[in-house]
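Shown next as structure tokens: one chain only, the form predicted alone.
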Amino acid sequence: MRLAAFAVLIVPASLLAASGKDTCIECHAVMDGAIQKPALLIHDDIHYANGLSCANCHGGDPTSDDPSVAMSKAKGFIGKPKRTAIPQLCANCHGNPDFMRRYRPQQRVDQLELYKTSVHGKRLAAGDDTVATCIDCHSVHDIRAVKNPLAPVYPVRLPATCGRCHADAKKMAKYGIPTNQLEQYYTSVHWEDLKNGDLGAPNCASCHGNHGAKPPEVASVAAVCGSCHVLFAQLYDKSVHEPIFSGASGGGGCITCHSNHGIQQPSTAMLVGPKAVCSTCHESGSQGAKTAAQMAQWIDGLGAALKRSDAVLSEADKSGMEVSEAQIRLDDGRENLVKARLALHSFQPEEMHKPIEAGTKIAAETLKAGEAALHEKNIRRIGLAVSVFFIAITVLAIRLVIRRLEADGSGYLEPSKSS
């Protein structure tokens, strides 16, 4: 009675009615320590929510109260699977299109094949059972849907999940892999966007893949970055730097300037100044350094001009002046600033200068409109002050006349005789 009562708490009544008895959960739920944990965790598991339970992975007969039958090898019981067998065990279902169609028709069924191409899969096949398998990323008895915010592979949680191994110096020692990737990523603009709710921002899997995870090769870095930054990649492909950076002796395309895991918000400090990445290749005073300084000056100049115009228009708007048309026009100027930053990746100053010139013209026009609006505001205030002054004089004169009339009585008319 005690086991049955506990089972009803763990297993939803509707599921009990559909699947019958589950002695795996009934027994393990009343045990102690680690052997009890699976029965406590499974109620959060996506498989359990879909009617699957312990025996679907571990085999055996969950309808028998006799342990020798419930855990009989003749019934397919495998107990705790070996780590090297886990990918195939998961693929028994996840690699079966007919089976998966009953639960997730849209889900891919080639994860195992992809895993075999990954660094993890290749090392596992070679006998290294310390590499990541399915359970290291997805958990074991409380596997949640990828879209569940509590899932270890949910976009915001994924970096920390990868970091459980890749930030562990002891685990990575035998592979000679650096362990500062997660630390660097947490300083990046990608992580900043991701943690603030942009689930489309890049995480580890965005660049390295998930089931087929592997480091991007030098020749493919620009293609990886270009999968999101399409226009930047198109301009970079035609630039003078592409054959230099993407070659075997290059730094790896985009990461030459932007780094990889610790990508920062781009700024003109990358072009000129003490932290300029251009100076790592172009000596001070060289044509390359001068070009970089010129491009930085253009971008900073246009940015400052747009800010001045915006400040004047905002002041005029707060004062009640009609400047909406100029404010809309200012958006075109900001767009030209974006185009200029984009054109920078072609490393052709004449192409970059076109949006700079157009944006500067718009900034000047909108600044003039804002200043005109403020000038008109001042004129209106002066006019209002003059009007108020004359109205006050008129009111005062009327009051004086009234008082004088009241004083000499001439302000009263004699009553009509007819009244």
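None of these values were measured; they are calculated from a predicted model. All residue numbers refer to positions in the sequence shown, first residue = 1.
Note that the form predicted in complex with heme C isn't included here; everything after this is about it.
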In this chain shown alone, the residue from Lys195, Arg308, Arg329, Lys214 with a heavy atom within 4.5 Å of heme C in the predicted bound form is Lys214
Per contact check vs heme C in the predicted bound form (non-hydrogen atom within 4.5 angstroms), the hit among 355 to 363, 369 to 377, 385 to 393, 66 to 74 is 66 to 74
task: Give a yes or no for Gly253: in the predicted bound form, does one of its heavy atoms lie within 4.5 Å of a heavy atom belonging to heme C?
output: yes
### Query
Quick one: does Asp61 come within 4.5 Å of heme C in the predicted bound form, counting heavy atoms only?
yes
task: Determine whether any heavy atom of Gly303 comes within 4.5 Å of a heavy atom of heme C in the predicted bound form, and answer yes or no.
output: no
_Is Asp317 near heme C? Define near as a heavy atom within 4.5 Å, in the predicted bound form._
no
Within 65 to 88, the residues having any heavy atom within 4.5 Å of heme C in the predicted bound form are Asp65, Pro67, Ala70, Met71, Phe77, Gly79, Lys80, Pro81, Arg83, Ile86, Pro87
